[in-house]
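One chain follows as structure tokens, the form predicted on its own.
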């Protein structure tokens, strides 16, 4: 029975039975994987605390035909991200990133860019004080990488582009349409969020840019406020539910 090896990040961990653990990994080569680690709760020497949330590791596993879960055979620790666990705010941010990836990613669907995005986000949390802008950028990139990129370059109805929209008194974003809506077309929709042209341009640039170059992007207070209003709601619309970790983050904002 062949063994497989891949880099992975633990995004979910649940106790199972008396000594086992059910885990969800986001891997570089296989996408999201669910597996069982036999005896993980009883024998700490075998996995050496490598199966905690946020942990970046080299995963060794095998699978049997007809089994829904892979069997975790071993795990070599690459990065534990200990400082994330020392700050409540970092834990909130980190949990949100893990849950968002878990809900967006399909099982056994490789997405190396999304893996690099998650690793980069956790690395920033480990080394710096969290900034709300990171959440908004992470959301935009996740939406883009999993095929839900919001359309922000033109009105989703009349197709007016940025140049034509510069004279518009106000612009909006439609959750239902997933796109920018001009003031003239806004009469046809009810659930709209105000969105300035500057915010639309910034978020569109981020969706196509490199998350590792955070210093390139600057949020004005208006851009941060507008994106905070509509991005989580747009994600909820795509998933059909509100993320548990998002509720915790909202309490942090308040």
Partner chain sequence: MSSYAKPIESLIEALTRLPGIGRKTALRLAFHILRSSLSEAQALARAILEVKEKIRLCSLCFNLTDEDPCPICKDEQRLKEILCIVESPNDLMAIENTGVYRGRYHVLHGAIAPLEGIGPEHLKIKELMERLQKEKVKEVILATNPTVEGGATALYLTDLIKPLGIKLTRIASGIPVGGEIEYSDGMTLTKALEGRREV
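Residue numbers count along the first chain shown, from 1. The shown structure was predicted, so the numbers you read here are calculated from the model rather than taken from an experiment.
The form predicted together with the partner chain is left out here; the points below concern that form.
Novice: Looking at the partner chain in the predicted bound form, do all three of 113, 124 and 145 come within 4.5 Å of it through at least one heavy atom?
Specialist: Verified in the predicted bound form; spot residues all out of contact, no.
Novice: If contact means any heavy atom within 4.5 Å, which of 154-162, 132-140, 95-103, 175-183 contacts the partner chain in the predicted bound form?
Specialist: Heavy atoms within 4.5 Å of the partner chain in the predicted bound form occur in 95-103.
Novice: Would residue 85 sit within 4.5 Å of the partner chain in the predicted bound form, counting heavy atoms only?
Specialist: Yes - in the predicted bound form, heavy atoms of residue 85 and the partner chain come within 4.5 Å of each other.
Novice: In the predicted bound form, does residue 244 have a heavy atom within 4.5 Å of the partner chain?
Specialist: Judged by the heavy-atom cut-off of 4.5 Å, residue 244 is in contact with the partner chain in the predicted bound form.
Novice: In the predicted bound form, is there a heavy atom of the partner chain that lies within 4.5 Å of any heavy atom of residue 191, even though the partner is absent here?
Specialist: No, residue 191 is distant from the partner.
Novice: Looking at the partner-bound form in the predicted bound form, is residue 23 within 4.5 Å of the partner chain by any heavy atom?
Specialist: Taking the distances in the predicted bound form, the answer for residue 23 is no, it never comes within 4.5 Å of the partner chain.
Novice: Have a look at 53, 36, 223, 60 for me and say which one sits with a heavy atom within 4.5 Å of the partner chain in the predicted bound form.
Specialist: Contact residue from the list: 53.
Novice: Using a 4.5 Å heavy atom cutoff, which residues in 11-34 contact the partner chain in the predicted bound form? It's fine if the answer is none.
Specialist: Counting only heavy atoms within 4.5 Å of the partner chain in the predicted bound form, the contacting residues of 11-34 are 11, 12, 14.
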